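First, one chain by itself: the form predicted alone, in structure tokens.
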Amino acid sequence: MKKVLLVGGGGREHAIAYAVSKSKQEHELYSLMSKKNPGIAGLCKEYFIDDENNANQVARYAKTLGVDIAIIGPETPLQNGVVDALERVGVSSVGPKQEVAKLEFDKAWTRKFMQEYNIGGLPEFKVFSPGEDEEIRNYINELGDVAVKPAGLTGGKGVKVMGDQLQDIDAAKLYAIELLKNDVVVIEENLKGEEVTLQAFVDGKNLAYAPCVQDHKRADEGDLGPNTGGMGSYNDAGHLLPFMNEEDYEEAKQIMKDVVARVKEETGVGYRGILYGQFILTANGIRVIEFNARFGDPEAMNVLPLLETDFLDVCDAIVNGTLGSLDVRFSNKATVCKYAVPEGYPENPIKDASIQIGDVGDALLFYSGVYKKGGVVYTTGSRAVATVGLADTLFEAEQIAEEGISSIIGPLKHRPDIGKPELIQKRADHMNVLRRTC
């Protein structure tokens, strides 16, 4: 009997628990999460409510339970060295060690690393430390159109770009200098194009790639409103998005492969776990927005239900370094994921409001920022629940997801346009215009 410990309690982790539950391996799933996720709890033999970000605490639980393998969902435990702590008590992990997880939590290190090893997709950038106010102003003037990035973790909400969250060059300077009081700041050229997420299982050397996904960060329809952790996402049947070509895909794969090889060369530590590449297709080719050291949320909800290979077999191959000999396959299906979030999210979300989960039909249901009390589900203020439609076509998958999300009643909102033909065509038209300007 294999004992599996899942760390984390969000929608991404519910998707991971779902994938574990489908395994043909004889197993018991345990979960450690900061707040009870009712979806995860229902799939576990036992769950524990504690600080998932405390690496030593997680390791103590794993040792006490006699866990065989741990799967780390969120980024903060990785930043805090949970994989290193688990290794010290003899538990293998699906997740990178702290030294290489900094690909996500230290944007300044990652950009310099990419530059040193001549890794493809690197935009124009410079890194600034507290006290370099004049230098940062001058560089923003030099580039003219910039993205301003705190070096540390921001939950997908700290990066701001001109023409979007920053009205003009003066606003960019003010924001950069404000950040510079407490953090290292990366200033980059403002990349224009279409974003693509490519996620891969990694065993230290070999990578097995999932289908490409596109997330929707903006809170409101038509890509308006403030940035969020992600309002939903989709993938098309096959491994490409509708506006991609095979060359885009192969270039993204090669960049991720180079990162895995060079990070071992730089740090002496093999990268094992999940590598998430956030790319943007521009008029000048593919560029790297960022890397994450774990599955995306919501992107995990798109790809894990498509995984045909036994998920625990994949996990074993990751920790044993045998991914190259495992045939990792995904169904040739389209998926659409839509998140229901509290009204007012992300700036002033309604909290502790009761919601009713109706009949979601053929959609998959994943719980995220909710809790259950007295049989009633309540919101926490973060993204609440997601539905995923899975079908042969994007059109069908979107209908399934929309029907499911519409059955959830309460002070919630969602983006009906995610996965709609009109929005996808708008993205494709945009990409066609960019390619013609190459």
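Numbers follow the displayed sequence, beginning with 1. These figures come from a predicted structure and were not determined experimentally.
The following text describes the form predicted together with adenosine monophosphate, which does not appear among the structures shown.
For the chain shown alone, Glu132 is not a contact residue for adenosine monophosphate in the predicted complex, no non-hydrogen atom being within 4.5 angstroms. At a distance threshold of 4.5 angstroms between non-hydrogen atoms, Val159 is in contact with adenosine monophosphate in the predicted complex.
Remark: Glu194 does not count among the residues lining adenosine monophosphate in the predicted complex, judged by a heavy atom distance of 4.5 Å or less. Shown alone here, Lys149 lies within 4.5 Å of adenosine monophosphate in the predicted complex, counting heavy atoms only. In summary, among the residues Gln278, Ser92, Gln98, Thr110, the only one with a non-hydrogen atom within 4.5 Å of adenosine monophosphate in the predicted complex is Gln278.
A single residue from the set Arg88, Lys253, Lys217, Lys205 has any heavy atom within 4.5 angstroms of adenosine monophosphate in the predicted complex; that residue is Lys217. Of the candidate stretches 255 to 263, 282 to 290, 360 to 368, 324 to 332, only 282 to 290 contains residues with a heavy atom within 4.5 Å of adenosine monophosphate in the predicted complex.
Taking adenosine monophosphate as positioned in the predicted complex, the residues of 182 to 197 that bring a heavy atom within 4.5 Å of it are, in sequence order, Glu188, Glu189, Asn190, Leu191, Glu195.
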